[in-house]
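Listed next as structure tokens is one chain, alone, in the form predicted on its own.
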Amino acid sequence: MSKFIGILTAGGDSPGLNAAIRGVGKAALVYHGMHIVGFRDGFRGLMENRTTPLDRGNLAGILTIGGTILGTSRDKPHKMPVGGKMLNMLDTIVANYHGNHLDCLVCLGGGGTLKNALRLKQAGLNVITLPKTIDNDVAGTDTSFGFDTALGIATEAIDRLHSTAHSHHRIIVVEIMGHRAGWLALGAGIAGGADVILIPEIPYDVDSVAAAIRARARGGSPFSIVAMAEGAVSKQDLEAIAAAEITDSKTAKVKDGRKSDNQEADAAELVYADRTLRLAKKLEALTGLEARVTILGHVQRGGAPSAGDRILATRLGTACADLIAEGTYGVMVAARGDGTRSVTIEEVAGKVKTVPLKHSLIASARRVGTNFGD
């Protein structure tokens, strides 16, 4: 009998989502003779049973389109806002899964989606995930679709900023996405020839960054480009975070003998607020050069996917359909070299792929004179 597949996209939007939907859908429909239905707006659409048919007509022409035709949300199955309250909607989701006669649910998303897919697996549902994120921080896969496109966009932005930095003898600090991992800032910084690269994995010293910029000025280059991941943090800020956590622990309200789950996040947020602007002001004071900030923001996630992301999403999507045909569930379809590999969701859920300190990209950047603030 033909299998019935559900598919949803969750978390932040990313280039290549539509290519992945098309890859799963066309392989399932045409090659394996399955039926496929889409759920709108992530896990919320599954909870509310808002479906849309995914036939050949709906899958046509979406390969090159950015975003997701299904819509997305960050709602979690076990903690979803409903009627002004945060409710556990797992039972409703399980009921809708069976009500649609699904044999498998395909979830396209990043780290948060993996954790939510694991919850559904533990509830007895057949699930498969595909790794999507511009941050490239999903564990267990060589790369994630969305990263290549964002890397190209960030690199082009740095290329363009070079001319204005050079013309006005300025420091330009470019904030690039990547809260937990610095893959995007590292890659774009190297490709764009940034003079300083700041990533979450290497706490930086502002004085070290300023010294590198002053040395460039003395050498006849009175301008600098600083590629800064949004999650990059200075050694001074780490000390402030630690101090804030200690203060919060003394003043926080205790419930059932436990501290607030958000205590660490609240302490960090005090330091992370306006950190890029604060860095620029400090560099101005320490170097005597004007400093400007460019925050790329969501432009990195928008627009048509690159050729590389279209190919990757198609490769992962078709492999996903093959696994469903074989009856293999509870896995993430990972990129491995030129092929794919299935990795159990338990192996990767809750884990972050950060940049190793001894990674060859860091070594190469240092050899061409890039400063990491350490």
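Since the model is a prediction, treat every value here as computed from it, not as a measurement. Residue numbers here begin at 1 and follow the sequence given.
A second form of this protein, the form predicted together with a small molecule, is not displayed here; the remarks below concern that form.
Undergrad: For the interface check, one of 285-293, 154-162, 176-184, 232-240 should have non-hydrogen atoms within 4.5 Å of the small molecule in the model of the complex; which one?
TA: So the stretch in question is 176-184.
Undergrad: Spell out, yes or no, whether the shortest heavy atom distance between Lys76 and the small molecule in the model of the complex is within 4.5 Å.
TA: Output for Lys76 is no: heavy atoms all beyond 4.5 Å of the small molecule.
Undergrad: Consider Arg170 of the chain shown here, and say whether it contacts the small molecule in the model of the complex, taking contact as heavy atoms within 4.5 Å.
TA: No, Arg170 is distant from the partner.
Undergrad: Thr113 versus the small molecule, in the model of the complex: is there a non-hydrogen atom within 4.5 Å?
TA: It does not: once the small molecule is placed as it appears in the model of the complex, Thr113 has no heavy atom within 4.5 Å of it.
Undergrad: Is there any non-hydrogen atom of Val106 lying within 4.5 Å of the small molecule in the model of the complex?
TA: Outside the cut-off, so no.
Undergrad: Could you tell me which one of Leu130, Ile134, Val226, Ala188 places a heavy atom within 4.5 Å of the small molecule in the model of the complex?
TA: Checking each option against the small molecule in the model of the complex, the one that comes within 4.5 Å is Ile134.
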